[in-house]
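In structure tokens, the next block holds one chain alone, the form predicted on its own.
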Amino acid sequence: MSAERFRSLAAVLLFAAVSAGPSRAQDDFALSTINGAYERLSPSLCTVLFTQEVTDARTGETRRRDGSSLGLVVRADGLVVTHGHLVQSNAEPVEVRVRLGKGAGAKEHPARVLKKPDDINLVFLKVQADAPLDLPAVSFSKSPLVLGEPVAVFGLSGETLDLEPGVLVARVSAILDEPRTTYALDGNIRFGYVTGPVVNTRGEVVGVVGFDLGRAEGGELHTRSGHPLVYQTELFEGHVASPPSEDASPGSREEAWLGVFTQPLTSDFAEYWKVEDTGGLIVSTVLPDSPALRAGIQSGDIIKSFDGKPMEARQDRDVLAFTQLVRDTGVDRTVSLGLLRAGQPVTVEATLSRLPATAQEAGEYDDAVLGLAVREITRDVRILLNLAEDVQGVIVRRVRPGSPAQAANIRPGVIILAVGDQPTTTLAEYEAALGQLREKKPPEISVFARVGAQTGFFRVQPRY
């Protein structure tokens, strides 16, 4: 569709909207503003193509699914932003490409996924090219929005419309102050417009459209999921100026960790336990080998203060705010916690340690001999699979089709405890065991493994 045809169609649609009555948001937009924004922004819109490896939380099995999403060029050197659901706690993107341009002139480039920011549900990609890039990038403004203000959202139409750039108009239906300023939009936003630039009536790009992750998807502090939001410029401009690192190794994590699961002290709980109804955090679980366990915190304790700050949690989002507070406090900091234990005040001190690596950050070893990939077992995997601390091994992440591992019925989620007579409690031990196999080349080996609650042997015929 040409720009002239798009403008004509936009004019017809807006005329129809005006005729329908004054309640439509389009009444507040001049056609010249929309068309001017279209001319500026459509070259910055692109398509992100990807394959996701999705892990079933119940079985540990991994499957692949292909997808695409809207991308927005935010720096001329090839920095692209897309929606944060690309990376979730159980989904990892692989084979990511970015399609730039339209029609016969479109070109696909491979792209690297940068470390996902912790504070906003967006993902940044770096386009890979043989020569330096000079792409048309969007420029952002910091103008605030007001309640009821109309905004235009630019994105890509569906496949039936050849993924042509298009526009939707919505209003700011609510402005929420906690835990940070959040602009909610009315109506539904089509998937092709998620991460699309948001333009005010003055033609300024004031942010992008986003959806927060829900708690079941791995969301933490900011979890207003299921409703389209404006991620205003201030929330991500730092990531544009200084893109996230590609290094997501455990050593790069500097967030602190206490090692408890908590829930808010609601009025019902306060009445049941006959304690003052002023809020707090009920400790439901203390994790093994955690700062909380070493400090003597117990299940059933109620956290009333942390590092001198009163804890008055009454809602789930207050619990998430506590998690973020702990992370921001700093590794190796010793903090005082005021507790209620059986109704009596108790004070303990805990020295916070580094937040353990997650499954997304786990080290991985690609085993060409057996035809599988294994990962270290991280804390979140232990919790997910209810694994005791004495279960030490590596977990199968992928199994290649037609490989010796597949022929032996090894599948993702299997925990390998030993290869032959060599324990494999770490990736280094697993790699050493494979090195010995390559030297000795036995025609068959025994892989001692755990599947669910049972242990047993797999007989594998390696390919050297």
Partner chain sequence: MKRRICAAWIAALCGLAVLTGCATLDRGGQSAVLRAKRRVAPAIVHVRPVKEVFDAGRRKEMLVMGSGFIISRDGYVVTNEHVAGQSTSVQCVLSDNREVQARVVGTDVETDIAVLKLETDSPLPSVRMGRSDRLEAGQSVLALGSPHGLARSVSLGIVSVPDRFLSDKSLMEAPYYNWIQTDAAINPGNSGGPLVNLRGEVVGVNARVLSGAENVGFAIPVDIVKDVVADIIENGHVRRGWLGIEFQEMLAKGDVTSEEGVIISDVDRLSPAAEAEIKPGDILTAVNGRRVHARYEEDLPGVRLRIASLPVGETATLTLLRGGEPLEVSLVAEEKTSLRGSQQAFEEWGFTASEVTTEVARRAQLQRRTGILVSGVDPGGRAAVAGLQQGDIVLQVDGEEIPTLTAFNAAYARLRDGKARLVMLFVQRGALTRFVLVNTTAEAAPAASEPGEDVSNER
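Numbering follows the first chain given and starts at 1. Every value quoted in this text rests on a predicted model; they were computed, and no experiment measured them.
Omitted here: the form predicted together with its partner chain. The next part is about that form.
Exercise. Can you work out whether its partner chain is within 4.5 angstroms of a heavy atom in all three of 42, 105 and 231 in the predicted bound form?
Key: No.
Practice problem: Could you tell me which one of 150, 300, 244, 203 places a heavy atom within 4.5 Å of its partner chain in the predicted bound form? | Solution: Looking at 150, 300, 244, 203 one by one, just 300 meets the 4.5 Å heavy-atom criterion.
Practice problem: Could you spot which one of 321, 331, 387, 340 gets a heavy atom to within 4.5 Å of its partner chain in the predicted bound form? | Solution: The residue in contact is 387.
Exercise. Sort through 193 to 201, 322 to 330, 265 to 273, 141 to 149 and report the only stretch with a non-hydrogen atom within 4.5 Å of its partner chain in the predicted bound form.
Key: Of the options given, it is 265 to 273.
Self-check item: Contact label in the predicted bound form: residue 383 to its partner chain, heavy atom within 4.5 Å
Solution: So residue 383 counts as contacting its partner chain.
Quiz item: Does at least one non-hydrogen atom of residue 365 fall within 4.5 angstroms of its partner chain in the predicted bound form?
Solution: Output for residue 365 is no: heavy atoms all beyond 4.5 Å of its partner chain.
Quiz item: Heavy atom to heavy atom, is residue 336 within 4.5 Å of its partner chain in the predicted bound form?
Solution: The answer is no: residue 336 has no heavy atom within 4.5 Å of its partner chain.
Quiz item: Closest heavy atom of residue 306 to its partner chain in the predicted bound form, within 4.5 Å or not?
Solution: No, no contact at 4.5 Å.
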